[in-house]
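Coming up, as structure tokens: structure 1 and structure 2, two forms of one and the same protein chain.
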Structure 1
């Protein structure tokens, strides 16, 4: 029965994604042409709700998007700083509850991925599909499962990529040499045993996907094969490998920072432990490695980035437009501008302060000036970046969203609270 159910599920999912691929229209819903979008957008103000914790990212958005939007498209950009993306989701939920449909909402665009996208998509809170009908979407490799799946959830044109990120590590080159670095979880386990009290990781939990990601990658390594994890959620597979994962993490505990009685509650806390020399490694998601944090003065200037040889999860983050956004045309133009090669080239350079990597497939760019901008950007990643070849060689995609909650709950149960593992 179970396998029959699963087969139906898979069939349904592929049917849905097939519809998703063919359903996208030539123009975004509600518009006859891109020219009409541009025309309507002129004079509009786009309210862009995004996490506002980084002044460097805020500054990047205001300068690299705010200025051209105003000068080239006659659009005002109003960036709304959030303490967490979920605040914007709750706002749209409240609006739907109040019946503020059509264009009676207040949020035009949200920087989003994962859980928040899933919530909005399932609750019917998104406008679309539009992401494959903006002109610059031709530069996006929509065939890549890391792009067309967001934490395993089919994107189906309801959000458009902004940038990419890949999990890897930071160390301080003044304290450790390159040859001492672990290059796999197995080596990390040995390193922890040899260096008691000097390692920890961000506690997996809601809002701390980076900690969850660290645990997921260990699960991939233990299972010896990432391929089997791609695709819809598989309870049997999880049951098969999760216990080994908890055993491994529990075996580290006596040699962890504070003997594993407590774990850093956020990546910012973890980074501060690293900066103060309490732990020897930290996490980064930026192709520029330690560069952005060095620039902000939150870690030592001798910090560098490094990658394991395999199982480093990479993913994309996106822009979504709520179903009741008052300025949809301006939001569409903004999402299109974000994918323009010169803006993409600007966002990967650490000097400009943004965090993350490419959303476009740079090999699709044909314009000579744009290619030159991309090549310059590639050369300017800075010496605080991890070896790009090693990093891309270790790249794997994230897996279905269901694993996320399970891992977080079980980690808290077995590793943090120390409940006995079932036999």
Structure 2
């Protein structure tokens, strides 16, 4: 039986946005129309260079993209597995140095991260701008800095989102009710004071970005304005609000797990504390909320996910097309298929092997069959997932990488080691 909460979610997803799907005034560079792209793409093979370390993701790509590309568009998909994205970047750099310009390269599309996107963008190694000219880009909220900035670097139409992940929390519904959950850091501070010993968080540091995100979000709330953090690194802004952040975290310590004398060293350790009932909350980045950890037997079946109302950091991963891609039309069609709502609905479901979040704004979907696919996906996620409307409403972008190191170093200094705060 579908819960009232889930019924409300489905109703929200079914609402038609005034924005809707619209035709684009401009076509991708080098093409007069999308029909021309489709015509040229038929019979091509798209060579998609991507990290190959997950059999589940590889299988998802082959099934949910490879099959429809062949059947619907006459395109063959050749997935080229990589040990790391930098290998594809180096391939394109080598080709440029050898004069393999135009369509003389070997890489059609790359599953890319922020650092490598920046490298390719600065070196003029990308085709575009194209990302806002494919039809399904109308479903993307390009106005959100979480999407139009890739770790602080403007996307500028040179890459298109594939999927997302967003910070939120887990709790055990057998131990806490929904009405008891904090919905802000201010409420969390009050909850910690009222429930001594029952909260901790992952120690920020290299490899523990989720702990660093937890601290960043507190900094956003204390400063009262996330927008001021978007863009280039601002030392003055950091200096203004970091001390308030350390003071707040230090004030929690007497009521933290083990009185703040130690912190979980990884998210896996943190989930173990949660599963054992030593702490009441844990962290997740999955669109399925607590579902994947329940399925893996890591946490109790009664675990659920929830979001604060603001300042929940999300980020997106992207697809880029090199400047010398030999089959640009096939790459454009593939990137457009990736944004199709039924493919997006498939990727959020753990059973399909990928289980990453939406790259589109589901409220912009107007096609009845596509809406049905989204509704089915949300019901398949079950009650272990957070309310998607609340989660998307809290979405904010991550910020420039310089903040990351400073936050981790200063947290270690002032919170963990307890060195005196500057006057």
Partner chain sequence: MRRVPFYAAVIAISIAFLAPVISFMINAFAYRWFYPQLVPKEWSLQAWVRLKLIPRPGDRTLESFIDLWTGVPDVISALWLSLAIGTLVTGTSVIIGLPAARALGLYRFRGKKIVEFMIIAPTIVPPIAFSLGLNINFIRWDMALMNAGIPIDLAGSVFGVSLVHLVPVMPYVVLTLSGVFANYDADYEAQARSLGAPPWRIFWDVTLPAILPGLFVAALFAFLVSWSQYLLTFLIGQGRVVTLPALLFSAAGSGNNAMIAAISLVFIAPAILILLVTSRYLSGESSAAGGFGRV
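Residue numbers count along the first chain shown, from 1. These numbers were taken from a predicted model, which means no experiment stands behind them.
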**Report entry** Form predicted alone - which displayed structure it is
**Finding:** 2
Report task. From 380, 95, 258, 250, grab the one where the chain hinges as the two rigid parts shift between structure 1 and structure 2. Result -> 380
Query raised in the report: Angle of the smaller rigid part's turn relative to the larger between structure 1 and structure 2, in °?
Result: 32
